[in-house]
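Heads up, the chain below is alone and in the form predicted on its own; it's given as structure tokens.
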Amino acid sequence: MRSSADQPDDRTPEKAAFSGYQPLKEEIVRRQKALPKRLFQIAAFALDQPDEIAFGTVSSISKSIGVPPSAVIRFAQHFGFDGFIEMQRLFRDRMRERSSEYAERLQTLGRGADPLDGTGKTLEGFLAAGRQSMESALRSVSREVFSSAVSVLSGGETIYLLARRRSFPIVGYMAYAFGKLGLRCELASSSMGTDGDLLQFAGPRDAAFAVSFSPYAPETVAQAKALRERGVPLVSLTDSPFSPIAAISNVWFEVVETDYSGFRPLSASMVLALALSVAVAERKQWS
């Protein structure tokens, strides 16, 4: 007898009519809560690692996720595709567009540079990655979401800032900015291990801002969940709709930083954090 996770969806999917990867992504996000367990796993993988979907096979993808190959095919059919290959074309188109755009930016920055100057190329590469991240965030972060986040944070008496690992510089700078702007905040990332003692004072009249990117820091996720259970409003900055902190947030931002040589500058995230800090201060002055 098969488990409920193995049962196919009884609904007959409509024929896919997606103009590109972005509309498909939006539809996956919209329907994520209704997906059976295995299709949800595939959806999370597809949005977290779209390049793997673009160039992988049904067999390699199913092995990476830990589901049967038939589940990958069923996922494509669930969203109206005849099969996996038809869906994969959208992911490949996305990859080609990004590769072309990125190459053009590198060529533009590289004009006039000494081809033997490896240090200069490294600088240009990171500048190109940072610029691409900022332009992507400009398109993906709406004014409505930004305004909602400002409302949540400005309504808190104390703003608790949560982050670990590479995300920590973002909240560290926000704590500095809030201090300069005269706003009360608490940075819950102590090396003394007293974060739990600090967070126990947070309540519904406060607010929290959490930052975590894949692979998500378990400490940040646990702290965010603990605050939400106590009724603390939460705004988060992450890189996927399937992030564990996005699912529990009142408002969340999706920012995907472009990498260069395996490193991801925090360009767009830092700018967003600073803009958010200043906007919260302005909103508090008005209220």
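Note that the structure is predicted; figures quoted are calculated from it, not measured. We number the residues from 1 along the sequence you see. The term rigid core refers to the most C-alpha atoms you can superpose between the two forms while keeping them within 1.5 Å.
As for the form predicted in complex with the DNA, it is not shown, yet the points below apply to it.
- This chain is drawn without the DNA; in the predicted bound form, the residue among Ser133, Ser154, Ser167, Gln77 with a heavy atom within 4.5 Å of it is Gln77.
- Of the listed positions (Ala177, Val141, Leu127, Ile73), a single one reaches within 4.5 angstroms of the DNA by any non-hydrogen atom in the predicted bound form, namely Ile73.
- Site residues Arg38, Thr57 and Ile85 are all in contact with the DNA in the predicted bound form, judged by any heavy atom within 4.5 Å.
- Just one listed stretch, out of 230 to 238, 64 to 72, 43 to 51, 249 to 257, contacts the DNA in the predicted bound form at the 4.5 Å heavy atom level, and that stretch is 64 to 72.
- Fitting the two forms on the rigid core leaves the C-alpha of Pro233 displaced by under 2 angstroms between the shown form and the other one.
- Annotation: Cα of Ala224 displaced by less than 2 Å between the shown form and the other one, core superposition.
- Once the rigid core is used as the reference frame, the Cα position of Phe213 differs between the shown form and the other one by less than 2 Å.
- Relative to this form, the distance between the C-alpha atoms of Glu144 and Phe40 is increased by at least 3 angstroms in the predicted bound form.
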